[in-house]
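Starting off, we have a lone chain in the form predicted on its own, written out as structure tokens.
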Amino acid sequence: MKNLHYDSLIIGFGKGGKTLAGRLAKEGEKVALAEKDSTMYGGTCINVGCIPSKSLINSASKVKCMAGREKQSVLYSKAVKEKRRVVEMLRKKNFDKLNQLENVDIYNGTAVFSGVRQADIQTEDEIYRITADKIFINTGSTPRIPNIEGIENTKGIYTSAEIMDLDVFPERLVIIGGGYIGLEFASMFASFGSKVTVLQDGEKFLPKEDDDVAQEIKSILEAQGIEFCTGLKIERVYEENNRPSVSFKLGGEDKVINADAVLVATGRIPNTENLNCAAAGVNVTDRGVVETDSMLRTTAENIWALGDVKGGLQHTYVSLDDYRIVASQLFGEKVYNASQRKNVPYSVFLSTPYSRVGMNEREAISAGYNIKVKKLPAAAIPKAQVLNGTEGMLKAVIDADNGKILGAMLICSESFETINVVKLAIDMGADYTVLRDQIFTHPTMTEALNDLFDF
């Protein structure tokens, strides 16, 4: 065992951690960065999350244009190869960016706390006992595997990460879980030509969204040929004729559905199970979440947590904002904390993307606001006609008493770009008339905000 000391130890190569490592090194600190998996340089987003899934989604969106030229299986195979190219390029870029810094040592090994501000890193050929003045936990999250009989050892069962490396095109896909991740994969594989069925235990589809928004999304997905079964209880999964099958109970009846592949998309949990946080005095909840305060400090002095591992919103841009919170304490004149974070937008990359920021109608009413609501069909937007993407609708909620924007829900082409304009307006405390009267370029999806906010 080799004993080493660093100014800072970062456990995990995710967005927040890698950004912090670069900053600390440039400030003159000696930094150790531990990553247990060499295929995860850059974190979840680059390797098994946002980037690879959006690469496949982008390829899937072109399938209709290629119809008749090549078989679906061939198009799918090309899409997987392109996804791998993009991921490998970005992974290498992220590794090289830090590896070239003189003050950063990257350890490809598993880190386990072995004392106060001390961790042992097990690499292929050595154990390094590292002490550090500061430690940052950035171990991310991993797919949650539900307690279903047969799910651990049945062939053809995949997580969201694994299914993106599936070489054989699944003509019949079953997805367990009706959340945003499951829906993205449902829409993507349906675009490639898979017959997709989504199984959900809850009765209500997208329960966090307004009913009209959820129904619009569901209708668009059903138009893609996706089938939904809600309010069921999955009994077990098993192999039959070299293919996975799912047995479930619906309305008191026993049902079975066969597939070429089954995707388990039932959420993600923090990567803390084998970290031995207790040895460092870091409290972890019964759900595996590292406890932090608004400054992202853990219960142990000079140990912080960034990204998915601390719970809350699981977005790479939130992990980047976590970096800002920590950096403001270490280097900033004005300290920024998580309680100041507001209006975090999100997008779901379906065949017709869904993006949202702020409160929806139900939440605003529940919070006691006197509101006005405006809806606009996507078909009314000239750019939507140009893109031949007229499905969907746009919805805005404002405070009727002072004209402030409370939230927006956009189901339309390029909503993932347009939503950022609304977020900025809300953050700036702008009156809704600012978006109503803004001069936007034409033809664009963003100019639809003129009409959407014309209350």
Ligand SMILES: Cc1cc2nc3c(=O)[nH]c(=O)nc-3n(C[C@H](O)[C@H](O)[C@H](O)COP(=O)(O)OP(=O)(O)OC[C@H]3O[C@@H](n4cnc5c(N)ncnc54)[C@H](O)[C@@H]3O)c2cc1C
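Start at 1 with the first residue shown and count on from there. Predicted model, so just to flag it, every value in this text is computed and none were measured.
What comes next is about the form predicted together with the named molecule, which is not displayed.
A.B. asks: Please pick, from A34, L394, V397, V31, the one residue with any non-hydrogen atom lying within 4.5 angstroms of the named molecule in the predicted bound form.
C.D. replies: Exactly one listed residue reaches within 4.5 Å, namely A34.
A.B. asks: Name the single residue among K383, R268, K218, K83 that comes within 4.5 Å of the named molecule in the predicted bound form, judging by heavy atoms.
C.D. replies: Exactly one listed residue reaches within 4.5 Å, namely R268.
A.B. asks: To test your reading of this chain, name the stretch in 150 to 158, 324 to 332, 86 to 94, 303 to 311 whose heavy atoms come within 4.5 Å of the named molecule in the predicted bound form.
C.D. replies: Comparing against the named molecule in the predicted bound form, the contact stretch is 303 to 311.
A.B. asks: According to a 4.5 angstroms non-hydrogen atom cut-off, is Y369 in contact with the named molecule in the predicted bound form?
C.D. replies: Judged by the heavy-atom cut-off of 4.5 Å, Y369 is well away from the named molecule in the predicted bound form.
A.B. asks: Does M40 reach the named molecule in the predicted bound form if we count a contact as any heavy atom within 4.5 Å?
C.D. replies: Yes.
A.B. asks: Any chance G389 has a heavy atom within 4.5 Å of the named molecule in the predicted bound form?
C.D. replies: No, G389 sits far enough from the named molecule in the predicted bound form that none of its heavy atoms falls within 4.5 Å.
A.B. asks: So in the predicted bound form, does any heavy atom of Y317 sit within 4.5 Å of the named molecule?
C.D. replies: Residue-level check for Y317: yes, a contact with the named molecule.
A.B. asks: Select from 335 to 364 the residues with a non-hydrogen atom within 4.5 Å of the named molecule in the predicted bound form and write them out in sequence order.
C.D. replies: Only a single residue, F349, comes within 4.5 Å of the partner.
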